[in-house]
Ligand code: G3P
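Take a look at this single chain, the form predicted on its own, given in structure tokens.
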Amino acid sequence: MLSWPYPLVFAHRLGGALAPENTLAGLLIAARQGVRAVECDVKLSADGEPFLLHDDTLQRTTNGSGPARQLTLAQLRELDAGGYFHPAFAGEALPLLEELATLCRVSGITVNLEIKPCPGCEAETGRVVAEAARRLWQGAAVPPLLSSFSAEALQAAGTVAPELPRGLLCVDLPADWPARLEAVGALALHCHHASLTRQRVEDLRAAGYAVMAYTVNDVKEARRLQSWGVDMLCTDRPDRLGELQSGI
């Protein structure tokens, strides 16, 4: 089994259920909970700048609407990405990847960057995010882990930054997982926790791959997955799973 440098518990979309998703406010709240690793979603603006947002459209988590890909970074930065969650977070901006990197490195927090391309931008997003991650985390003790559901994005990321570890995301474990992981140069498979079994985890780890389970919010389920050998747990409740934190 490869040596895996990442902590066990990752806060989903930076702050999980404790804050507006994919915001620096969420990252700070997670840090106060003792979180040592976070997951977030990165996509590109109309002018090709990497920023944090999960959806392809803006209306669920901001006061904007329509496709995010149609707005420049300056336009995106004018949106309120916190008020939908609670008035106390009103005015929270969509973060730049550079802002995230600065805060993570100052706080000693490790990050899993999910490359979340808008439709038709898979290769471009993978390339730009990987290039930025390489530059922003240069010299970091633990590099960012790049992951994506998009094989095209991961392949592009691997071309420009082959030294950054990559994880393939899937809902269920595909029957041809060895070929899929090899095709994108992944070192890990990130899978929905309900689709994992002890045997599946053992098979993946025996083949030399790390395993992340998402999104795990129940402590009993987290302990079971940990006992099977799951390497990483992505959670909306870092306040509940904090007791399971493992060291690097």
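Keep in mind it's a predicted model, so treat the numbers as computed, not measured. One-based numbering along the sequence shown.
We do not show the form predicted together with the named molecule, though everything after this point is about it.
- Looking at 197-205, 33-41, 177-185, 63-71, the stretch with residues near the named molecule in the model of the complex, meaning non-hydrogen atoms within 4.5 angstroms, turns out to be 33-41.
- Mapping the unseen interface onto this chain, residue 112 counts among the residues with a heavy atom inside 4.5 Å of the named molecule in the model of the complex.
- Contact check for residue 232: no non-hydrogen atom falls within 4.5 Å of the named molecule in the model of the complex.
- Taking the partner from elsewhere, residue 116 is found to have a heavy atom lying within 4.5 Å of the named molecule in the model of the complex.
- In the model of the complex, the named molecule lies farther than 4.5 Å from every heavy atom of residue 223.
- Checked against the named molecule in the model of the complex, the residues 164, 173, 104, 169 give one hit for a heavy atom within 4.5 Å, which is 169.
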